[in-house]
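One chain comes next, on its own, written as structure tokens: the form predicted on its own.
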Amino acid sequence: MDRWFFEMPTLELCLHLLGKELTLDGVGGYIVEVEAYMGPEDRAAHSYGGRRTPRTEVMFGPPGKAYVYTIHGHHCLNVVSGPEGVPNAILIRALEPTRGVDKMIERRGRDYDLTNGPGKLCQALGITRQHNGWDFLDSPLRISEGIPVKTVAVGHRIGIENTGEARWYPYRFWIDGNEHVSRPRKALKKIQL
């Protein structure tokens, strides 16, 4: 991957992240589900209204960095996207596990549902707030080429009920038919790649 990959418009990058391989120290899998958060205009985004805090600062920097935050005791991994200074991010919601599955089972304490949710995948890969700001091109936390994707399903984001109209934005994307998606729901539409 090159820097230009992360500089493409956020909603376009969502489509291109699907099927890419996410790894940390040799443990990981293929990205099968993502959600876009579109910065100052998006009530569901941490940077809504231009909010700039120590927690959100990484989103204002160059794209291709990890934005890791904690919610309800779980870590969530995001890819900083779009042009520098525009605080957009893409939440990695689910992976299809492919590398280091034994390590994932050890970390999760189970051999099922290893990476089908943002908190689960962070626990399985060992991603914590320590990884906030890491560069996906120049660190052990990597996004690299993966598998081809033919059909992408598009739907509403999940778990943001208190964000008004933003909860209905069609900013959730997943590989159609993939069994590792966090919460299967009916797609609003499907895109052929």
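Note that residue numbering follows the sequence shown and begins at 1. Bear in mind the structure is a predicted one, so any value in this text is a computation, not a measurement.
Here the subject shifts to the form predicted together with the DNA, a form of this protein not shown in this document.
With the partner left out here, the DNA still marks one of 23-31, 164-172, 43-51, 142-150 in the model of the complex; by a 4.5 Å heavy atom cut-off that stretch is 43-51. Although the partner is absent here, residue 159 lies within 4.5 Å of the DNA in the model of the complex, judged by heavy atoms.
When the DNA is considered in the model of the complex, residue 101 lies well away from it, no heavy atom lying within 4.5 Å.
Taking the partner from the other structure, the DNA in the model of the complex has a heavy atom within 4.5 Å of a heavy atom of residue 70. Proximity of residue 97 to the DNA in the model of the complex falls outside the 4.5 Å heavy atom cutoff.
Contact check at 4.5 Å (heavy atoms) against the DNA in the model of the complex: all three of 56, 76 and 91 pass.
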